[in-house]
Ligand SMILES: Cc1cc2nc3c(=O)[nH]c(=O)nc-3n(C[C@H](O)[C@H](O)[C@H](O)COP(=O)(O)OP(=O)(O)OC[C@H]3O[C@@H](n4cnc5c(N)ncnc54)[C@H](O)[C@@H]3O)c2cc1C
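This document starts with one chain, in the form predicted alone, laid out as structure tokens.
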């Protein structure tokens, strides 16, 4: 698979820019001037930089004596669908403006303003003027209401920012839909706002795990500063970091990562009487487990009592047999047996000892084996099981409660959030602890007798994604999972296993979800339907046909389920101009009118089949602006896709304008990880266990899977692995630490 563009990050923001002084030196002049010549600029190439949404936006201009002859705008860390998509337009505007003000791109306010400030710096350099310095513009006191697109699918974030005596006095989020899209918003509200007010700087670090919500708040405040008569770019003052080192010693078990598997490991180790310290990079615990519905649990006593009058509800032997056939090897048969036969008892263990609850929808059936009608279960939500978001019940409170119970078992037990593990500590070849760094810059050396790696795989690490899976992939969970645990295990001599297992994909959707008001909710739903329908021609990123045609010449239903096997984990649904004209005049087909995404629907209602869609061209135009639609001839499509046009021409045979709508997979996590044995000990290349090093969850789930295949897709299996592997690793790590 070839590498496709960087993941869609989700949100853009309002004006919040800092002109950074003096990037690289100007190039050698392109033309020389004689003393008699006069002009505005000294000919040459000049560069300016400013802070955009995701990182630095760079503007490089080439000038002669009086004109801007070329311009390049770069922002590699900008959100691909928003700021990234605007970069080319901004460069064109700069060339047209010839040194004057540019309009910017309305859908990419923050990137646009960064480009404007960077351009101003570059122009100043071309004129020989000093860049940077000067006094901060005065602010007018008042309360300013501003909006910004954020993580929420349903609406933009709205904030009230109070300016008093030239300072940011207060910030309140007065409306948002982020909390309807996941459980991370509260960490941004509760942590980022007070830190920003304390620092009086828009350069305040976003909250790990809630970056988009943090940036939306930042954007609202930046807009308020501008409305108050200031220049938000002047408010990016450096926030001081600490430089001290704290040493923590005497622990039996250190758990690196407190998502689902890390929480379970921490609890099991504490239950065995070990002293435990937990490290979590994000600002809250639960990780990707807080974005799932629940775990597979075969014949749990707890669930039998709830739903089946104490009777077994599934044949575990059948599950084991199918699983072994799926992986096509008995190399890890003992571990897969644990995954199957311990799934119910592990759930019972955490219900009994740490207060976990499962109700909601009751027992659910398998995604792929119809006979398994009762296979997995759903977490109970908070507020008497009434609090849900689009990804399932709100359940973080259960992980917090479990950790508090575990922590109370020994006064030394503790854990920290916003603390990122960086490396293992060795004494010779022996693992003796973990190095970590807090969000505030404080470094920690934490020493213990056993270490459990539970960092959630590597979906947030583009280099590892490309190395092992050939491409990055859009995500629906947190991207704090950067492969740290796997890399730490490798540093100790640990081997990996089935790193080529395909990502944990459950959802298909347009490539870049539109969170602005550029389209209405209903228009967004239509764009989604165009991407998800199965009755149109589909092509891969390589230009080849995707899916199978049935005898009627249309695509088979359900082909989108197989998207994880497509090159780059995506394909394009292609419409001819005649198809679009037909939708405009005669409406969506039955298949198109029923094509909706289970979780990531963009918030609207589809018209009934046969209802004319008069605004289809507007929908496609906005889709094109956001990188969801490619319009043009087969040559245009091939260039945009980076494929051989002859491949496309073999599929798209008409001489017409085409519209290729991207359909992209969204993944929770990766699957391949460290090689482990039945005790969750990390194994070396020769198969020998590293006695005091363990790996759980997505840091080791490859042992239950196979390269080149989707992860075992029964339903709730990955979440079940957090319970099973966590209980085993926590118990074993405690025993090793205590010499048992």
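The structure presented is a predicted model; accordingly, all values stated were derived computationally and were not measured. Numbering follows the first chain given and starts at 1.
This next part talks about the form predicted in complex with the ligand, which is not shown.
- With the partner omitted here, the stretch from 189-197, 403-411, 258-266, 648-656 that lies within 4.5 Å of the ligand by heavy atoms in the predicted bound form is 258-266.
- Only one of 536, 420, 201, 177 comes within 4.5 Å of the ligand in the predicted bound form through a heavy atom, and that residue is 420.
- Residue 292 is the only one of 292, 117, 472, 634 with a heavy atom lying within 4.5 Å of the ligand in the predicted bound form.
- Taking the partner from the other structure, the ligand in the predicted bound form has no heavy atom within 4.5 Å of any heavy atom of residue 728.
- In the predicted bound form, residue 111 stays away from the ligand, with no heavy atom inside 4.5 Å.
- At a distance threshold of 4.5 angstroms between non-hydrogen atoms, residue 210 is out of contact with the ligand in the predicted bound form.
- Interface residue remark: residue 288 is counted as part of the site for the ligand in the predicted bound form, having a heavy atom within 4.5 Å.
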